[in-house]
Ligand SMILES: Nc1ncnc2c1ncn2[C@@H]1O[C@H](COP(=O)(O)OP(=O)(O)OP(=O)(O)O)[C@@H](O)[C@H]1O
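Next comes just one chain, in structure tokens: the form predicted on its own.
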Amino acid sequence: MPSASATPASAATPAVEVRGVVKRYGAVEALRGIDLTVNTGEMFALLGPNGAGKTTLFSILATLRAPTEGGARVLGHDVVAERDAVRRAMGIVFQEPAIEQRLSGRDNLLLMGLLYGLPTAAARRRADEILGQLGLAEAADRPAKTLSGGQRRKLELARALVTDPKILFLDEATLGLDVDARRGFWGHVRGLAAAGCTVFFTTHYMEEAEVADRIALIDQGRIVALDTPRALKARLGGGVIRLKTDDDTRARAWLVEKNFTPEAEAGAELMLLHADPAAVLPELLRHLPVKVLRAEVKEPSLEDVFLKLTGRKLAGDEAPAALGAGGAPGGGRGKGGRP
């Protein structure tokens, strides 16, 4: 990595540069040599299962942890040597609530503005502006603890935006929200990205990652693929056949014998990749020596890509609302809308 510099980031400076980053916790190697670049104004997703290293990398970029080896820069600033410069330029939403529950929505935002040196009048104007933009004006004077889950997450986002950050970091920011609340949250984030704010977010929800310009798939501390959502899915070619039978073990053996290659660990069903799945499915249904309980043909998903690359499912067996933090021991959780 180049040496730290106080020179402001130019338009050509990548928003994020990570080179050879390794992070160890004793004998545990949470990150195993990460390299990636995020362009200014890009919406970039880090997608992977729990324990993949997402939160560890997030914490390094957010200046909450230092890498064991390698280095990273945010908006041209070294995350270790120029930590304060990085923090002044970023907004952040953590997995866990960081707002003061007893204060009103407006006072949460006012406090953040004052902490970052805004004059009182300017902090009040900015708080009211953001509350209006995020549809929180009617809830502005209510204690945060009385707001719905979706409103509280939007308030977390509002708090991160008080000082108009150049880059927004989101770590599993919609964890536990219902589908409608998640959709509303990402609608606001997409608007920020469209206005030129760089957005770097971690998630294990496939549908959330789809909104990104590019996605890095991370597994066991390594980036296993990095591309646009469309290009990642195109790697599989054709489509996907999913089968559930009354004897999947026997069905798998027959498929292998007939030169098909069922993907490993596909869960409670068989998964096949094929260039023309709709054409081959009728033959499979006629000749499989077991009873087929369910058959489906579909376009490849990011889940399918991850399974193909790693042999493991992306989301695991837990329901989405129950999933916890990805990353190294400790989860990389922090407090404060902006550290």
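When you see a residue number, it is the position in the sequence shown, counting from 1. What you see is a predicted model, and the numbers here were worked out from it, not measured in a lab.
The same protein also exists as the form predicted in complex with the named molecule; that form is not shown, yet it is the one meant from here on.
Student: Please pick, from His204, Arg153, Arg73, Arg159, the one residue with any non-hydrogen atom lying within 4.5 angstroms of the named molecule in the model of the complex.
Tutor: Only one listed residue qualifies here, and that residue is His204.
Student: Of Ala45, Ala30, Val305, Leu61, which residue is found within 4.5 angstroms of the named molecule in the model of the complex when only non-hydrogen atoms are counted?
Tutor: By the 4.5 Å heavy-atom cutoff, the listed residue in contact is Ala30.
Student: In the model of the complex, which of 296-304, 283-291, 269-277, 22-30 comes within 4.5 Å of the named molecule (heavy atoms)?
Tutor: Heavy atoms within 4.5 Å of the named molecule in the model of the complex occur in 22-30.
Student: How about Glu208 - does it come within 4.5 Å of the named molecule in the model of the complex, if we only consider non-hydrogen atoms?
Tutor: Output for Glu208 is no: heavy atoms all beyond 4.5 Å of the named molecule.
Student: Given that the named molecule is not shown alongside this chain, does Gly41 nevertheless sit within 4.5 Å of it in the model of the complex, heavy atom to heavy atom?
Tutor: No, no contact at 4.5 Å.
Student: Determine whether any heavy atom of Thr198 comes within 4.5 Å of a heavy atom of the named molecule in the model of the complex, and answer yes or no.
Tutor: Close contact is absent here: in the model of the complex, Thr198 is far from the named molecule, nothing within 4.5 Å, heavy atoms only.
Student: Heavy atom to heavy atom, is Asn108 within 4.5 Å of the named molecule in the model of the complex?
Tutor: Result no; Asn108 lies far from the named molecule in the model of the complex.
Student: Scan 48-63 and note down the residues that get a heavy atom within 4.5 Å of the named molecule in the model of the complex; none is a fine answer too.
Tutor: Stretch hits, in order: Pro49, Asn50, Gly51, Ala52, Gly53, Lys54, Thr55, Thr56.
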